[in-house]
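Take a look at this single chain in structure tokens; it is the form predicted on its own.
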Amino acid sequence: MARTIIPFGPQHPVLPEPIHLKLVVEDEIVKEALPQLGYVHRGLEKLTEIRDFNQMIQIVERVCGICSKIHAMCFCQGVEEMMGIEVPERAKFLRVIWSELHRIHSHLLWLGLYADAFGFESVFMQFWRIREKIMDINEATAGNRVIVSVNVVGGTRADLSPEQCNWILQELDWVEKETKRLQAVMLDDYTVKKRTVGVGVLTREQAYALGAAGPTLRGSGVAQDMRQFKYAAFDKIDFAPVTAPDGDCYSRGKVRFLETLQSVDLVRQAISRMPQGEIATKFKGNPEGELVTRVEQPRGELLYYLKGNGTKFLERVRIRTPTFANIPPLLAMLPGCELADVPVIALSIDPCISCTER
């Protein structure tokens, strides 16, 4: 049987990410997938040579706008550990609140794109309509809708008043109610299941061996989440990873849907348990030494390697984003699928290529 090589990307109407795959196809069945990355060059890590460690907070936030708050938190945690800075308890809870709000809006964005991938454009609009509430919360509490810039070394730049906390809780009640209204469509609808159940299967063993991260890993039944390591205020909050057993596109979608509702609960817990006090610790000096720090992005484990030399300029900043970890699992999912399922499978890992290529 003749083999055909079909290019997928780097521009594709379903996937707004510059990922390019060469698909080896036999009679509409994908036999092999060969990746070709490297379309995005921004030099963000190189900027550490001319931007001091405080200025680098704004740089790392722009690795990915959708999870910018979590990038900044990971970077700040690393610098704080190197310098021995103790972050106030209130600031730790504030970091949890804004990071979980970012997780909600990232998952809602993805759920909308996912629905659009199998032709449910109205559901796409509904998820993005709900996401606007989270954007409004970000803007009202931090001054910006996406890149909120609330993290500083030693704590947070902004605080939340009791009135703002009550308002956030009211808005989240609405977000939860409206998201649950779409649960039957995303988890029970015949068309959705037809396009996702048994499609793009990644077994538990494959996910673990290939180093999958985030919902891609937990969708294969592995209960691993960096929030289990209790960074920020997660040691004061009740949390357990969301998993699904089957490792297919349906399971990965289910994990993200349920994580959206879980993050609403985590914000409620953080607000109810947040103590009074300072939001930032004053400090002197510069970072020295080297370390690795990790947090959980919406897409999975985010890893920062930082190296300081005692000056205000870090010697090295190296970032490992979850999409980089999820490319090998994606290549394992594609062989054996139908060509028409490739966009849905590729989207099921929630790829962010601009994160991956800095």
Partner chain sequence: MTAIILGIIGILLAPVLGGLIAGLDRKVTARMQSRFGPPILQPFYDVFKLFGKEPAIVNVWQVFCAYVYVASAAISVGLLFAGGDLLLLFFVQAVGAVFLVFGALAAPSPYSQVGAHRELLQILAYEPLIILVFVGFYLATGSFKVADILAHNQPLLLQMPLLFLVLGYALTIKLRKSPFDLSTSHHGHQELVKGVLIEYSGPYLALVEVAHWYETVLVLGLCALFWHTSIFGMAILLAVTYFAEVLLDNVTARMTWRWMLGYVWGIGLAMSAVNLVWISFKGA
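Everything numeric in this text was worked out from a predicted model, so none of it was measured. Numbering follows the first chain given and starts at 1.
Just so you know, the form predicted together with its partner chain exists too; it's not on screen, but the next bit is about it.
Out of the listed residues Gly119, Pro245, Gly285, Pro275, Gly119 is the one that sits within 4.5 Å of its partner chain in the model of the complex by at least one heavy atom. In short, of 120-128, 98-106, 262-270, 248-256 it is 120-128 that has heavy atoms within 4.5 Å of its partner chain in the model of the complex. For the chain shown alone, Arg195 is a contact residue for its partner chain in the model of the complex, at least one non-hydrogen atom being within 4.5 angstroms.
By the criterion of a heavy atom within 4.5 Å, Glu89 is excluded from the residues contacting its partner chain in the model of the complex. Its partner chain is not drawn, but in the model of the complex it has no heavy atom within 4.5 Å of Gln170. Taking non-hydrogen atoms only, Thr203 never approaches its partner chain to within 4.5 angstroms in the model of the complex. Of all the residues from 16-37, those having a non-hydrogen atom no more than 4.5 Å from its partner chain in the model of the complex are Asp27, Glu28, Ile29.
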